[in-house]
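Next comes just one chain, in C-alpha coordinates: the form predicted alone.
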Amino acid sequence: MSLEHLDPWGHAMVRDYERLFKTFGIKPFKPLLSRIRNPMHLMRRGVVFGHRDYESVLDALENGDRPAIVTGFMPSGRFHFGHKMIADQLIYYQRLGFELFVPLADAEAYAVRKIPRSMVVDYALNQYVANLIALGLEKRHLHIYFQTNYEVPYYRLLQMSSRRVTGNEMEAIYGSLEPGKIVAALTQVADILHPQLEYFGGYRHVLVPVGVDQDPHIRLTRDIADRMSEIKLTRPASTYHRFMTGLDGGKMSSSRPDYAIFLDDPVEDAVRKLRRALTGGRPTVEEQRKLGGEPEKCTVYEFYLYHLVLDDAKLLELYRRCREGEMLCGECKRIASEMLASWLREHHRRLEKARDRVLEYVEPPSF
(Lines give C-alpha, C1' and ligand atoms only; values in the text may rest on other atoms or scores of the structure.)
Protein backbone atom coordinates (compact mmCIF):
# COMPACT_ATOMS: atom_id res chain seq x y z
CA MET A 1 0.00 0.00 0.00
CA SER A 2 1.38 3.40 -0.98
CA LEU A 3 1.81 5.86 1.85
CA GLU A 4 0.84 8.65 -0.53
CA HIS A 5 -2.73 7.32 -0.48
CA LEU A 6 -4.29 4.87 1.95
CA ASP A 7 -6.87 2.76 0.12
CA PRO A 8 -10.01 2.03 2.17
CA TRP A 9 -11.22 -0.42 -0.50
CA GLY A 10 -7.95 -2.28 -1.10
CA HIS A 11 -6.43 -5.47 0.26
CA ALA A 12 -2.84 -4.27 0.73
CA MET A 13 -1.12 -4.52 4.11
CA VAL A 14 0.27 -1.53 6.02
CA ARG A 15 3.45 -2.54 7.84
CA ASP A 16 5.27 0.69 8.65
CA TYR A 17 2.89 2.15 11.20
CA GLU A 18 5.46 4.62 12.50
CA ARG A 19 5.56 6.45 9.16
CA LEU A 20 1.82 7.06 9.38
CA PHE A 21 2.41 9.48 12.25
CA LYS A 22 4.56 11.71 10.04
CA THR A 23 2.74 11.20 6.74
CA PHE A 24 -0.88 11.65 7.83
CA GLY A 25 -0.67 13.37 11.21
CA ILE A 26 -2.01 10.44 13.21
CA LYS A 27 -0.90 10.68 16.85
CA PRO A 28 0.44 7.81 18.98
CA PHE A 29 -2.19 6.34 21.30
CA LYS A 30 0.15 5.08 24.03
CA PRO A 31 0.65 8.45 25.81
CA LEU A 32 -3.11 8.55 26.54
CA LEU A 33 -3.25 5.19 28.33
CA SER A 34 -2.65 6.78 31.74
CA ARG A 35 -5.94 8.71 31.37
CA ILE A 36 -8.01 5.60 30.61
CA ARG A 37 -9.36 3.91 33.72
CA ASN A 38 -9.75 0.39 32.33
CA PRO A 39 -8.14 0.21 28.89
CA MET A 40 -9.12 -2.85 26.89
CA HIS A 41 -6.47 -5.39 25.90
CA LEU A 42 -6.14 -4.00 22.36
CA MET A 43 -5.20 -0.64 23.86
CA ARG A 44 -2.82 -2.00 26.50
CA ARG A 45 -0.96 -4.10 23.93
CA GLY A 46 -0.50 -1.42 21.28
CA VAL A 47 -2.91 -2.95 18.77
CA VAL A 48 -4.85 0.31 18.98
CA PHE A 49 -1.81 2.39 18.13
CA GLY A 50 -2.96 5.81 16.89
CA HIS A 51 -5.67 8.44 17.17
CA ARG A 52 -7.02 11.80 16.13
CA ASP A 53 -8.40 13.99 18.93
CA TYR A 54 -9.06 11.12 21.36
CA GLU A 55 -8.25 13.62 24.12
CA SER A 56 -11.62 15.27 23.39
CA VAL A 57 -13.40 11.98 24.09
CA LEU A 58 -11.57 11.56 27.39
CA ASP A 59 -12.39 15.17 28.28
CA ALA A 60 -16.05 14.52 27.55
CA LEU A 61 -16.10 11.45 29.78
CA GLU A 62 -14.42 13.34 32.61
CA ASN A 63 -17.02 16.10 32.25
CA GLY A 64 -19.91 13.64 32.42
CA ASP A 65 -20.83 13.84 28.73
CA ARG A 66 -21.84 10.70 26.84
CA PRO A 67 -20.02 10.34 23.49
CA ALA A 68 -21.23 8.37 20.50
CA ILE A 69 -19.37 5.69 18.59
CA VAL A 70 -19.68 5.24 14.84
CA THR A 71 -18.04 2.28 13.17
CA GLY A 72 -19.46 -0.21 10.76
CA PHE A 73 -18.93 -3.09 8.40
CA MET A 74 -19.00 -3.54 4.66
CA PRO A 75 -20.85 -6.87 4.25
CA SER A 76 -18.86 -8.16 1.30
CA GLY A 77 -17.93 -11.57 2.71
CA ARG A 78 -17.90 -13.76 5.78
CA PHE A 79 -17.08 -12.43 9.24
CA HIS A 80 -13.49 -13.22 10.25
CA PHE A 81 -11.21 -12.48 13.20
CA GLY A 82 -10.12 -9.18 11.66
CA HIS A 83 -13.75 -8.02 11.90
CA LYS A 84 -13.89 -9.27 15.49
CA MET A 85 -11.37 -6.58 16.47
CA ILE A 86 -13.99 -3.91 15.67
CA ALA A 87 -16.70 -5.91 17.45
CA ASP A 88 -14.55 -6.15 20.58
CA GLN A 89 -14.13 -2.37 20.61
CA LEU A 90 -17.85 -1.79 20.12
CA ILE A 91 -18.65 -4.05 23.06
CA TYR A 92 -16.02 -2.34 25.21
CA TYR A 93 -17.45 1.11 24.52
CA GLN A 94 -21.04 -0.06 24.93
CA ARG A 95 -20.18 -1.28 28.43
CA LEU A 96 -18.77 2.18 29.17
CA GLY A 97 -22.16 3.68 28.27
CA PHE A 98 -21.38 5.12 24.83
CA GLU A 99 -24.20 5.39 22.28
CA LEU A 100 -23.38 3.09 19.35
CA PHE A 101 -24.19 3.72 15.68
CA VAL A 102 -23.25 0.75 13.48
CA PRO A 103 -23.77 1.21 9.72
CA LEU A 104 -24.00 -1.82 7.48
CA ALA A 105 -22.40 -0.50 4.29
CA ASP A 106 -24.60 -2.34 1.84
CA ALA A 107 -24.57 0.54 -0.67
CA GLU A 108 -20.77 0.51 -0.63
CA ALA A 109 -20.51 -3.28 -0.98
CA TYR A 110 -22.90 -3.23 -3.94
CA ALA A 111 -21.25 -0.29 -5.73
CA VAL A 112 -17.56 -0.88 -4.98
CA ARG A 113 -17.28 -4.64 -4.51
CA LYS A 114 -20.01 -5.25 -7.15
CA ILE A 115 -21.62 -8.00 -5.12
CA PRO A 116 -25.23 -9.02 -5.90
CA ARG A 117 -27.68 -7.12 -3.75
CA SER A 118 -29.33 -10.17 -2.22
CA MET A 119 -25.94 -11.56 -1.22
CA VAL A 120 -24.94 -8.28 0.44
CA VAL A 121 -28.09 -8.25 2.57
CA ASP A 122 -27.65 -11.92 3.49
CA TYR A 123 -24.04 -11.35 4.55
CA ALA A 124 -25.09 -8.35 6.62
CA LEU A 125 -27.80 -10.22 8.52
CA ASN A 126 -26.44 -13.74 8.88
CA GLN A 127 -22.73 -12.97 9.13
CA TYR A 128 -22.26 -9.50 10.61
CA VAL A 129 -25.30 -8.85 12.78
CA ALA A 130 -25.51 -12.46 13.92
CA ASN A 131 -21.85 -12.55 14.95
CA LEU A 132 -22.12 -9.19 16.72
CA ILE A 133 -25.00 -10.56 18.79
CA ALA A 134 -23.13 -13.79 19.50
CA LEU A 135 -20.05 -11.84 20.61
CA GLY A 136 -22.12 -9.95 23.15
CA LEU A 137 -23.35 -6.72 21.56
CA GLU A 138 -26.54 -5.69 23.38
CA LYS A 139 -29.56 -3.75 22.14
CA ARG A 140 -29.16 -0.93 24.68
CA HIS A 141 -27.66 2.30 23.34
CA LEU A 142 -27.41 0.64 19.92
CA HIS A 143 -28.47 1.66 16.40
CA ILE A 144 -27.65 -0.78 13.60
CA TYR A 145 -28.84 0.28 10.16
CA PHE A 146 -28.38 -0.42 6.46
CA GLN A 147 -27.02 2.52 4.49
CA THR A 148 -29.90 2.11 2.02
CA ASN A 149 -32.61 1.89 4.70
CA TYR A 150 -32.34 4.72 7.20
CA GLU A 151 -33.95 8.01 8.22
CA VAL A 152 -34.55 11.06 5.98
CA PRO A 153 -32.21 13.49 7.83
CA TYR A 154 -29.32 11.08 7.23
CA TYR A 155 -29.81 11.27 3.45
CA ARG A 156 -30.28 15.02 3.61
CA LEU A 157 -26.90 15.31 5.35
CA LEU A 158 -25.31 13.06 2.73
CA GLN A 159 -26.58 15.25 -0.11
CA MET A 160 -25.62 18.50 1.59
CA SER A 161 -22.08 17.28 2.25
CA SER A 162 -21.44 16.84 -1.47
CA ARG A 163 -21.36 20.64 -1.84
CA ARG A 164 -18.53 20.99 0.67
CA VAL A 165 -15.75 19.18 -1.23
CA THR A 166 -14.30 19.29 -4.73
CA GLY A 167 -13.29 16.47 -7.02
CA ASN A 168 -9.66 17.52 -6.81
CA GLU A 169 -9.74 17.43 -3.02
CA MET A 170 -11.22 13.94 -3.02
CA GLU A 171 -8.59 12.70 -5.47
CA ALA A 172 -5.89 14.18 -3.25
CA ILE A 173 -7.22 12.07 -0.38
CA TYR A 174 -8.16 8.85 -2.21
CA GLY A 175 -6.30 8.86 -5.49
CA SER A 176 -8.23 7.92 -8.64
CA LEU A 177 -11.97 7.65 -8.04
CA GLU A 178 -14.97 6.19 -9.87
CA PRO A 179 -18.59 7.29 -9.24
CA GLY A 180 -19.37 4.40 -6.90
CA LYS A 181 -16.42 5.26 -4.66
CA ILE A 182 -17.37 8.94 -4.58
CA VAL A 183 -20.87 8.05 -3.40
CA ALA A 184 -19.45 5.55 -0.90
CA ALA A 185 -17.08 8.15 0.55
CA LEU A 186 -19.83 10.77 0.93
CA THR A 187 -22.10 8.15 2.50
CA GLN A 188 -19.34 7.47 5.04
CA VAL A 189 -19.38 11.19 5.86
CA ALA A 190 -23.10 10.96 6.66
CA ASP A 191 -22.49 7.81 8.71
CA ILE A 192 -19.90 9.57 10.86
CA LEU A 193 -21.56 12.97 11.27
CA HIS A 194 -25.26 12.15 11.58
CA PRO A 195 -25.25 11.37 15.35
CA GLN A 196 -24.54 15.11 15.86
CA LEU A 197 -27.92 16.03 14.33
CA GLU A 198 -30.61 16.72 16.92
CA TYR A 199 -32.83 14.14 15.21
CA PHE A 200 -30.35 11.39 16.19
CA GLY A 201 -29.52 12.67 19.67
CA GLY A 202 -27.28 15.69 19.08
CA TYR A 203 -24.08 14.04 20.29
CA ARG A 204 -21.29 16.62 20.35
CA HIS A 205 -18.51 14.07 20.69
CA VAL A 206 -18.25 11.29 18.10
CA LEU A 207 -15.51 8.66 18.07
CA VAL A 208 -14.74 6.41 15.10
CA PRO A 209 -12.62 3.31 15.87
CA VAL A 210 -11.29 1.89 12.58
CA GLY A 211 -8.41 0.16 10.87
CA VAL A 212 -5.84 2.62 9.57
CA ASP A 213 -6.86 2.02 5.95
CA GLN A 214 -10.10 3.88 6.73
CA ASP A 215 -8.32 7.12 7.64
CA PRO A 216 -9.12 8.74 4.24
CA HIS A 217 -12.81 8.71 5.25
CA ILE A 218 -11.92 10.34 8.58
CA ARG A 219 -9.90 13.11 6.93
CA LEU A 220 -12.65 13.82 4.39
CA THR A 221 -15.28 13.91 7.14
CA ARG A 222 -13.25 16.26 9.33
CA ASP A 223 -12.79 18.67 6.42
CA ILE A 224 -16.49 18.62 5.56
CA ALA A 225 -17.51 19.08 9.20
CA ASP A 226 -15.47 22.30 9.26
CA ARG A 227 -17.31 23.58 6.17
CA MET A 228 -20.93 22.73 7.04
CA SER A 229 -21.91 26.27 7.99
CA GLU A 230 -25.64 25.42 7.80
CA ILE A 231 -25.26 22.98 10.71
CA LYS A 232 -23.06 23.25 13.78
CA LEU A 233 -20.81 20.19 13.56
CA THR A 234 -17.60 19.22 15.28
CA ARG A 235 -14.75 17.13 13.94
CA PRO A 236 -15.03 13.46 14.86
CA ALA A 237 -12.26 11.81 16.87
CA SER A 238 -10.83 8.49 15.72
CA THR A 239 -8.66 5.61 16.83
CA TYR A 240 -6.69 3.25 14.60
CA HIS A 241 -5.88 -0.40 15.13
CA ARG A 242 -3.33 -2.58 13.40
CA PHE A 243 -4.44 -5.01 10.73
CA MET A 244 -5.08 -8.63 11.55
CA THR A 245 -2.45 -10.54 9.62
CA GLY A 246 -3.55 -13.35 7.33
CA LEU A 247 -2.13 -16.78 8.06
CA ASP A 248 0.37 -16.37 5.20
CA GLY A 249 1.62 -12.99 6.43
CA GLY A 250 -0.60 -10.84 4.19
CA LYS A 251 -3.75 -8.95 5.23
CA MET A 252 -6.58 -11.09 6.57
CA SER A 253 -9.45 -10.72 4.11
CA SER A 254 -12.69 -12.47 3.22
CA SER A 255 -11.45 -12.62 -0.36
CA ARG A 256 -8.54 -14.85 0.75
CA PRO A 257 -10.41 -17.62 2.59
CA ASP A 258 -7.47 -20.02 2.88
CA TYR A 259 -5.56 -17.47 4.94
CA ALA A 260 -8.40 -16.16 7.11
CA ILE A 261 -10.21 -17.81 9.99
CA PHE A 262 -13.93 -17.10 9.94
CA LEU A 263 -16.07 -17.16 13.03
CA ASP A 264 -18.39 -19.74 11.48
CA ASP A 265 -15.60 -21.99 10.19
CA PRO A 266 -16.03 -25.61 11.29
CA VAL A 267 -13.68 -26.11 14.22
CA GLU A 268 -11.58 -28.70 12.39
CA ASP A 269 -11.15 -26.36 9.40
CA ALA A 270 -10.08 -23.46 11.62
CA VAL A 271 -7.56 -25.63 13.46
CA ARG A 272 -6.20 -26.98 10.18
CA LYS A 273 -5.64 -23.43 8.90
CA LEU A 274 -3.96 -22.33 12.12
CA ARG A 275 -1.64 -25.34 12.20
CA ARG A 276 -0.19 -24.42 8.81
CA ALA A 277 0.10 -20.70 9.58
CA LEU A 278 3.30 -18.72 9.10
CA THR A 279 5.30 -18.48 12.34
CA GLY A 280 8.29 -16.62 13.67
CA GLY A 281 10.25 -19.81 14.16
CA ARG A 282 13.84 -20.41 13.10
CA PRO A 283 14.75 -22.75 10.22
CA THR A 284 15.92 -25.56 12.54
CA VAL A 285 15.20 -26.80 16.05
CA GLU A 286 18.81 -26.15 16.99
CA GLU A 287 18.62 -22.50 15.94
CA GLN A 288 15.30 -22.06 17.71
CA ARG A 289 16.73 -23.44 20.96
CA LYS A 290 19.81 -21.26 20.63
CA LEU A 291 18.40 -17.98 19.26
CA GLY A 292 14.77 -18.21 20.29
CA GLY A 293 11.75 -17.54 18.13
CA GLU A 294 10.46 -14.19 16.86
CA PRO A 295 6.90 -13.82 18.12
CA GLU A 296 6.66 -10.34 16.54
CA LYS A 297 6.69 -12.05 13.13
CA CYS A 298 4.36 -14.91 14.08
CA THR A 299 0.71 -15.04 13.00
CA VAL A 300 -0.04 -17.61 15.70
CA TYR A 301 1.29 -15.33 18.44
CA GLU A 302 -0.83 -12.56 16.93
CA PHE A 303 -3.92 -14.69 17.61
CA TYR A 304 -2.85 -14.89 21.26
CA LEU A 305 -2.20 -11.14 21.34
CA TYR A 306 -5.44 -10.02 19.68
CA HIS A 307 -7.96 -12.70 20.61
CA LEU A 308 -7.07 -15.84 22.51
CA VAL A 309 -5.23 -14.71 25.67
CA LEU A 310 -6.79 -11.80 27.57
CA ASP A 311 -4.60 -12.25 30.66
CA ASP A 312 -1.46 -10.14 30.20
CA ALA A 313 0.65 -12.32 32.50
CA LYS A 314 -0.21 -15.48 30.52
CA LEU A 315 0.56 -13.69 27.26
CA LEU A 316 3.92 -12.54 28.59
CA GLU A 317 4.79 -16.10 29.59
CA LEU A 318 4.01 -17.40 26.10
CA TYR A 319 6.13 -14.61 24.66
CA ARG A 320 9.02 -15.44 27.01
CA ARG A 321 8.95 -19.17 26.24
CA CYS A 322 9.08 -18.46 22.51
CA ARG A 323 11.75 -15.76 22.78
CA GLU A 324 14.02 -17.92 24.94
CA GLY A 325 13.71 -20.98 22.71
CA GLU A 326 11.96 -22.97 25.43
CA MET A 327 8.84 -23.52 23.28
CA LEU A 328 9.00 -24.72 19.67
CA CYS A 329 6.43 -23.84 17.01
CA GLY A 330 4.74 -27.24 17.15
CA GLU A 331 3.91 -26.87 20.83
CA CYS A 332 2.84 -23.26 20.32
CA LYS A 333 0.45 -24.21 17.51
CA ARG A 334 -0.98 -27.05 19.61
CA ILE A 335 -1.72 -24.67 22.50
CA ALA A 336 -3.23 -22.06 20.19
CA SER A 337 -5.30 -24.67 18.34
CA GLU A 338 -6.79 -25.94 21.59
CA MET A 339 -7.67 -22.41 22.68
CA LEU A 340 -9.15 -21.58 19.27
CA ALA A 341 -11.19 -24.79 19.14
CA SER A 342 -12.61 -24.20 22.61
CA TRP A 343 -13.48 -20.58 21.80
CA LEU A 344 -15.13 -21.46 18.49
CA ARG A 345 -17.26 -24.28 19.92
CA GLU A 346 -18.76 -21.89 22.45
CA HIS A 347 -19.15 -19.13 19.86
CA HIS A 348 -20.93 -21.48 17.45
CA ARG A 349 -23.49 -22.30 20.15
CA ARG A 350 -24.16 -18.60 20.68
CA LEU A 351 -24.19 -17.90 16.92
CA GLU A 352 -26.87 -20.49 16.27
CA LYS A 353 -29.17 -18.74 18.74
CA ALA A 354 -28.15 -15.26 17.55
CA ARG A 355 -29.30 -15.89 13.97
CA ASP A 356 -32.88 -16.13 15.25
CA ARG A 357 -32.58 -12.64 16.73
CA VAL A 358 -31.07 -10.53 13.94
CA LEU A 359 -34.38 -8.89 13.02
CA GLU A 360 -34.68 -7.65 16.62
CA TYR A 361 -31.58 -5.55 15.97
CA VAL A 362 -31.98 -4.24 12.43
CA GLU A 363 -34.62 -3.70 9.76
CA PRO A 364 -33.48 -5.04 6.38
CA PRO A 365 -34.07 -3.03 3.19
CA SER A 366 -37.13 -3.98 1.14
CA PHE A 367 -35.12 -4.46 -2.07
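When you see a residue number, it is the position in the sequence shown, counting from 1. Quick caveat: nothing in here was measured; it's all calculated off a predicted structure.
The same protein also has a form predicted together with a small molecule, omitted here; what follows describes it.
**Q** What stretch, of 162-170, 103-111, 175-183, 224-232, brings heavy atoms to within 4.5 Å of the small molecule in the predicted complex?
**A** Selected range: 103-111.
**Q** Although the partner isn't part of this model, could you tell me whether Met74 comes within 4.5 Å of the small molecule in the predicted complex, counting any heavy atom of the residue?
**A** Answer yes; at least one heavy atom of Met74 falls within 4.5 Å of the small molecule in the predicted complex.
**Q** Is it the case that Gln94, even though its partner is missing from this view, gets within 4.5 Å of the small molecule in the predicted complex, heavy atoms only?
**A** Output for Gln94 is no: heavy atoms all beyond 4.5 Å of the small molecule.
**Q** Heavy atoms within 4.5 Å of the small molecule in the predicted complex: does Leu158 have any?
**A** Judged by the heavy-atom cut-off of 4.5 Å, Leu158 is well away from the small molecule in the predicted complex.
**Q** Quick check on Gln188: any heavy atom within 4.5 Å of the small molecule in the predicted complex?
**A** Output for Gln188 is yes: heavy atoms within 4.5 Å of the small molecule.
**Q** Name the single residue among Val57, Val48, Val70, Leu340 that comes within 4.5 Å of the small molecule in the predicted complex, judging by heavy atoms.
**A** Among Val57, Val48, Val70, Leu340, a heavy atom within 4.5 Å of the small molecule in the predicted complex occurs only for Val70.
**Q** Which of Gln214, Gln89, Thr148, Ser254 has a heavy atom within 4.5 Å of the small molecule in the predicted complex?
**A** Filtering the options by heavy-atom distance leaves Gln214.
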